[in-house]
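One chain follows as structure tokens, the form predicted alone.
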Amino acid sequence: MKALIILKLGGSAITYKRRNIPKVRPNVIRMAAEEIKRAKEEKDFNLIVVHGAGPYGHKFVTEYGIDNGLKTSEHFEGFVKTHNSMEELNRIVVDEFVKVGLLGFPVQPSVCIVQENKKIVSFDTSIIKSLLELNSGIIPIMYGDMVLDRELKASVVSGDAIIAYLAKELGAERVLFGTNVPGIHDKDPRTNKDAEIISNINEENVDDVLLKVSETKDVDVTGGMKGKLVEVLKTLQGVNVLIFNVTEKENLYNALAGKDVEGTEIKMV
């Protein structure tokens, strides 16, 4: 199989996450699609895209109180509404890819992933493997979703957890986290003008970095930037990881093409 790159299009980048309103930033999605197309025209590689939820998922999970499973009829309503909302967002993302000539192919997490107490215990990756082997131009597109849970009846599977599982299972060469900030900072850049980007994270500075990174103030049931960092450190040892600003023109193209991009590089052996 050709070299595999997994790309996360963060909910903070493709939606109005801070406003907590289910609304997309179509210009960001379209720009990302165009830069992916350009990179794939110049270089042959396999690509899997996983997009975040933003308000399309987090808003309903929070409003219905279903982060810890389903118990009431209202919980089941929230479960269905959350999933359907994520399907709506996924269709928007896929349509933008198709419009620029990419072969975006939606893969629904709820039909191939089962969790137990919020942890993935079963993930049928055969459809994704088959799609990539069929044609390297096909781009499987997944997303954070509500899935069945053996203990809680249903629970949230984050896009980051999906990425970690796929990277390990399919042997990803690189994982790119496209956010709305240029990497991990030593302080919250929205409230601290002197915040600086941590350009590299490795075994030598990881403990210090974890102490500095604070939880996001946005509504995010999957843990925000700190949750993302912890997930990467736990599950992506040996994989080259880049966290960067995907809303800045040329950044995604450069990242896919192997060129320098401002951001945070993570490599844990």
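Just count from 1 along the sequence shown to find any residue number. Computed from a predicted structure; not experimentally measured.
Not pictured, yet referred to below: the form predicted together with another copy of the chain.
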- request: Spot the stretch among 165 to 173, 195 to 203, 130 to 138, 182 to 190 with residues whose non-hydrogen atoms come within 4.5 Å of another copy of the chain in the predicted bound form.
  value: 130 to 138
- prompt: Do residue 153 and another copy of the chain share at least one heavy atom pair within 4.5 Å in the predicted bound form?
  reply: yes
message: If we define contact as a non-hydrogen atom of the residue within 4.5 angstroms of the partner, is residue 119 a contact of another copy of the chain in the predicted bound form?
response: no
- request: Tell me, yes or no, whether residue 100 is in contact with another copy of the chain in the predicted bound form, where a contact means a heavy atom of each within 4.5 Å.
  value: no
message: Counting only non-hydrogen atoms and a 4.5 Å threshold, tell me whether 16, 27 and 59 all contact another copy of the chain in the predicted bound form.
response: no
- prompt: What residues of 58 to 86, in sequence order, lie within 4.5 Å of another copy of the chain in the predicted bound form by heavy atom?
  reply: 76, 77, 79, 80, 83, 84
